[in-house]
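Have a look below at one chain only, the form predicted on its own, in structure tokens format.
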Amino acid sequence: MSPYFLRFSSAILHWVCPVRRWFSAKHAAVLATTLALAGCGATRNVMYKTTGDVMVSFAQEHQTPFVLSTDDVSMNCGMSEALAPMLMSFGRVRDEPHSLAVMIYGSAGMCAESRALNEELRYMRAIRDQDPAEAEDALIAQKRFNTLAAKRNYEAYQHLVAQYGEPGGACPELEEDYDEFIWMMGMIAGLQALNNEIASGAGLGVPKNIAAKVERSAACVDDDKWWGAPMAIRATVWSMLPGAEPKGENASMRLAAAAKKGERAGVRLAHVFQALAAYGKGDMDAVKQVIRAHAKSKANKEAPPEARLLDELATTMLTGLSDRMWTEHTGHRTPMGALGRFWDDKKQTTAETVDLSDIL
């Protein structure tokens, strides 16, 4: 081999080898990074979707039944407000959890309604104290919370529509009890959204025909299975919408029958609708009778474990009505342990309270 060839080859290797090493290292790094990023992105998306699927399934299969078995309405309210953004964010990486959203937003709407009630009571006390500034401030706060409640409840109703279709027409296929339950809760959220919007005085765009749609669609679920609540919903709409009551029907009788059905089951949601219908008519004596019946029934029969929260929710809502009435007449809420009693109840005389058997 000639010395020229050796020198030429050496020169070539001197230049080429470092370049080849540079290309190999550089490109390998770029290639590895690209593949890693692509792999991480794909892996991350799969993990997010899987996590979302697991979280949503867990919430439907375990969280909801567990929550319904509890009796702490305030804690459930706080949980719904806290978890709603996280659970709904999974809709970015999987299908939106519409049915779960009906529960979450409906419950969060009740949180806002509770705060609106507190402001309403503050307004009443301010009126009694002839404090116009305090009354005005309370009224503004009450309207703000009712606006928030209307938005949340309407959000719940819209998720119901996304999951099962627009209520008011043919009944959707509600395959499981969970679907029927969500359907019924969505109906209630729709009605509440309308009531909240009216109370807020704001035009939020809640369709006024929701009540008529709910009246028709409440018949899609079994009335016996759901403690008379579906019929109570329908009869309440008949009672509050002029001309809505069908011929041959009697809203008051239907509400009374639904209330009895709820009492027998220990899930007394129908009492709320019966009281609201009477309250809407200004029949305060009838409201008192419903609250008395509710308190008496609660004392005699416990709610079934699987629906304890719903029965407690009914008690909370009726306590709210009782608080309005007590505050209007006395300036304070219903005294502790006095649900079912009223400020103007006749006090029993000593003679009436003596058990004659103790004397004889």
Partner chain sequence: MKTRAIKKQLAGLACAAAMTLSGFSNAEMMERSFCVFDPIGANGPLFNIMKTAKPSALGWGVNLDLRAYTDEKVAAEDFKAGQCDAVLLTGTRAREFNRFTGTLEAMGAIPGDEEMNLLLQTLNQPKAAALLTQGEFEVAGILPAGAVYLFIRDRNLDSVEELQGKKIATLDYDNAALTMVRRVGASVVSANSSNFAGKFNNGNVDVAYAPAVAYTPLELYKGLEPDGGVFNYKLAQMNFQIIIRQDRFPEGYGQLSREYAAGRYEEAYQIIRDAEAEIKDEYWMRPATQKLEGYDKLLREVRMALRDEGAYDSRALTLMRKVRCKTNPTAGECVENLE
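Predicted model only: the values in this text are computed from it and were never measured. Numbering follows the first chain given and starts at 1.
Note that the form predicted together with its partner chain isn't included here; everything after this is about it.
Participant: Looking in the predicted bound form, is its partner chain within 4.5 Å of a heavy atom from each of 111, 151 and 217?
Facilitator: No, the candidate spot makes no contact with its partner chain.
Participant: Among 241, 162, 257, 286, which has any heavy atom within 4.5 Å of its partner chain in the predicted bound form?
Facilitator: Comparing distances to its partner chain in the predicted bound form, the residue within 4.5 Å is 241.
Participant: Here the chain is shown alone; which of 77, 185, 276, 84 has a heavy atom within 4.5 Å of its partner chain in the predicted bound form?
Facilitator: Only one option qualifies, and that one is 276.
Participant: Can any non-hydrogen atom of residue 136 be found within 4.5 angstroms of its partner chain in the predicted bound form?
Facilitator: Close contact exists here: in the predicted bound form, residue 136 approaches its partner chain to within 4.5 Å, heavy atoms only.
Participant: Considering non-hydrogen atoms and a 4.5 Å limit, does its partner chain approach residue 131 in the predicted bound form?
Facilitator: Flag for residue 131 set to yes.
Participant: Taking its partner chain as it sits in the predicted bound form, is residue 263 near enough to touch it, meaning that at least one heavy atom pair lies within 4.5 angstroms?
Facilitator: Although its partner chain is absent here, residue 263 would stay clear of it in the predicted bound form, with no heavy atoms inside 4.5 Å.
Participant: Does its partner chain come within 4.5 Å of any heavy atom of residue 158 in the predicted bound form?
Facilitator: Residue 158: no contact with its partner chain in the predicted bound form.
Participant: Which of 173-181, 221-229, 137-145, 100-108 has heavy atoms within 4.5 Å of its partner chain in the predicted bound form?
Facilitator: Comparing against its partner chain in the predicted bound form, the contact stretch is 137-145.
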